[in-house]
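Presented as structure tokens, the chain that follows is alone, the form predicted alone.
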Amino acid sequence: MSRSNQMFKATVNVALSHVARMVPGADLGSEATLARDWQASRTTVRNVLTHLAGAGVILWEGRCKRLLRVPVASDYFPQTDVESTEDQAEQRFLEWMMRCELPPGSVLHESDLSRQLSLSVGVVRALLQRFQPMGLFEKNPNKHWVLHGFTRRFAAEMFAMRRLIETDAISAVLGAAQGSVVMQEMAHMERLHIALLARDDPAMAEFPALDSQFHRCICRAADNRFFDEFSQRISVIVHYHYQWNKRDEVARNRAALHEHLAVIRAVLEGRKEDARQAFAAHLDTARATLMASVSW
């Protein structure tokens, strides 16, 4: 896929998330405003508008750009179509890390990993350095790496940190004013969850990406750069546990969607204590699912 096509698809997804916060009949505004909001060129904005009009999401006639319907999950391009080369390399690396059978303490050579993953040595080194602070790897004095691995202890510690961060973040969500960006994002999350639940079982394969989006949306509300960085790393790692154990996958994903919706609806309706309890219960379920999904 060319970089320009990748950028176009990524901008379509940004545009869909933007208009999903509106009500049908709303005016999208000028091309200059959309270019600013979508962080795209005027040419890309016009191409995206053409695409959305063709999909029946908007009406575009001259200066009139009006929302016809709220986007559904199937309107979005798959995450694999919009990921950067760096993101694809990270996912390939993490998939290897989660599935490798090397015991903790194993020595890793950048050149060996480069051949296994079909990535350059420089990219492999950067990925190892990126995840080193989390304790998954350690650089030894001989310029080799030591694998500490995704152990049961690592998973427990990671989830304890996730609980600390996200419990604080949900308080920020509950403190947001009605009509704020946070509440608009929660309303958008509700629509995406309802749309995915309405689809058939094969569509449940899309849940991990939506799960990551939901949790990162909550973390963003805290407006804490350290939360953002750590939550991104956790969400990528947690994302892969959904692929390890396929048993009861559809049922588990649907149950998690309902748990998300319980949190979202309590937030939108101002039922703060219900939201806290529902979110705590969801984290409990997510932790149990993670610990049960891995063959330690």
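All of these numbers come straight from a predicted model, not from anything done at the bench. Note that residue numbering follows the sequence shown and begins at 1. If you superpose the two forms and keep the largest set of C-alpha atoms that fall within 1.5 Å, you have the rigid core.
From this point on, the text means the form predicted in complex with another copy of the chain, which you will not see here.
- Here the marked residues Leu108, Arg115 and Glu138 all miss another copy of the chain in the model of the complex; none has a heavy atom within 4.5 angstroms.
- The contact with another copy of the chain in the model of the complex, taken as any heavy atom within 4.5 Å, belongs to Met134 out of Val182, Leu196, Met97, Met134.
- Checking Met204, Ile165, Leu210, Leu174 for any heavy atom within 4.5 Å of another copy of the chain in the model of the complex turns up a single hit: Ile165.
- In the model of the complex, another copy of the chain lies within 4.5 Å of some heavy atom of Met7.
- Another copy of the chain is not shown here, and in the model of the complex it never comes within 4.5 Å of any heavy atom of Asp248.
- Taking the partner from elsewhere, Lys65 is found to have every heavy atom lying beyond 4.5 Å of another copy of the chain in the model of the complex.
- Another copy of the chain is not shown here, but in the model of the complex it comes within 4.5 Å of a heavy atom of Arg153.
- Of the candidate stretches 153-161, 68-76, 88-96, 185-193, only 153-161 contains residues with a heavy atom within 4.5 Å of another copy of the chain in the model of the complex.
- Applying a 4.5 Å heavy atom cutoff to another copy of the chain in the model of the complex picks out Asp223, Asn224, Arg225 from 210-225, in order along the sequence.
- Taking 2 Å as the criterion, Ala35 counts as shifted between the shown form and the other one: its C-alpha moves by at least this amount when the rigid core is aligned.
- The rigid-core alignment places the CA of Ser180 less than 2 Å apart between the shown form and the other one.
- Fitting the two forms on the rigid core leaves the C-alpha of Ala286 displaced by under 2 angstroms between the shown form and the other one.
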